[in-house]
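Shown next as structure tokens: one chain only, the form predicted on its own.
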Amino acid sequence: MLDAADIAIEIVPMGGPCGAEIRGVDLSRPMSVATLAQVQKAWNDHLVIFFRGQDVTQEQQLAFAGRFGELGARKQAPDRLREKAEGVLQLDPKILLVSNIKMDGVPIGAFGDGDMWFHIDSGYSQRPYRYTFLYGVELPSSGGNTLFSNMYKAYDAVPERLKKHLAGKRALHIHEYKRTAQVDVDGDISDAPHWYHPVFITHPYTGKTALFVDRLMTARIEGVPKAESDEILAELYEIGERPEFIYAHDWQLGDFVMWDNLATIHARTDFPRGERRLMRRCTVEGEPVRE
């Protein structure tokens, strides 16, 4: 039975490999435990869920995200990369402004214009974020869509020969705050954020196995010769980016999108230069991933 604080939400699947809209929720208001449980189940089922027409402050966004776990801190870039990651309006350590807007010629946030390859948020760290929450504050007239790929389905599509060959192997994830280029890992990478994770991981909550590599930040399979590693990763990238595994989110103003960062990879499409785009991101911390 629902009490006075509960609501019966409507879940509308997008009809593809992942993604569902949740209707009947105002995220600016406190959510009951029962309603939160409905949202969590929908999230586990669909990996990416979104709410349209929301009007939430930064504080309300953080309060809602915090119901799902410990809020994540924005990763601090090393000194030589700091200007690519730190905007002048990123004043809360738990908020990242994804924006191309500048104030007096200086970026207010990070990862501004153009498209962005598929990636895992903070996959280059020891504890990749568990969840990501993104709110659309300002949008361009077209483009800037977010693509999500279901990495459970990607794992299922990996050929058995590769599953056997890669069992127990780890891959290097590294970040230099680029959007459409991999890091050269043949030289000294000591001052670039990086970590090794299993190629295949077991999701800590669903128990399902996911492919855990992405084109932007996964650079080398540990213990495998470079040429062979490059060939294998190219095959894994292609599997993870197959159209049949992807849900494309076409943003509307006031959209609030949240995704399972351990079971999906995501990318951004290009949008018109000179048009403003501002998204407000927060996260929930994760734990070291396991095979």
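Just count from 1 along the sequence shown to find any residue number. Please read all numbers here as calculations on a predicted model, not as lab measurements.
Not pictured, yet referred to below: the form predicted in complex with a small molecule.
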Judged by heavy atoms and a 4.5 Å cut-off, are Lys153, Val158 and Glu241 together in contact with the small molecule in the model of the complex? no
Among 206-214, 68-76, 180-188, 109-117, the stretch whose residues bring a heavy atom within 4.5 Å of the small molecule in the model of the complex is 109-117
If you check in the model of the complex, is Trp259 within 4.5 Å of the small molecule, heavy atoms only? yes
Using a 4.5 angstroms cut-off on non-hydrogen atoms, would Thr146 count as touching the small molecule in the model of the complex? yes
Does the small molecule get within 4.5 angstroms of any non-hydrogen atom of His266 in the model of the complex? yes
Does at least one non-hydrogen atom of Val199 fall within 4.5 angstroms of the small molecule in the model of the complex? no
Ala192, Val98, Val137, Leu166: which sits within 4.5 Å of the small molecule in the model of the complex by any heavy atom? Val98
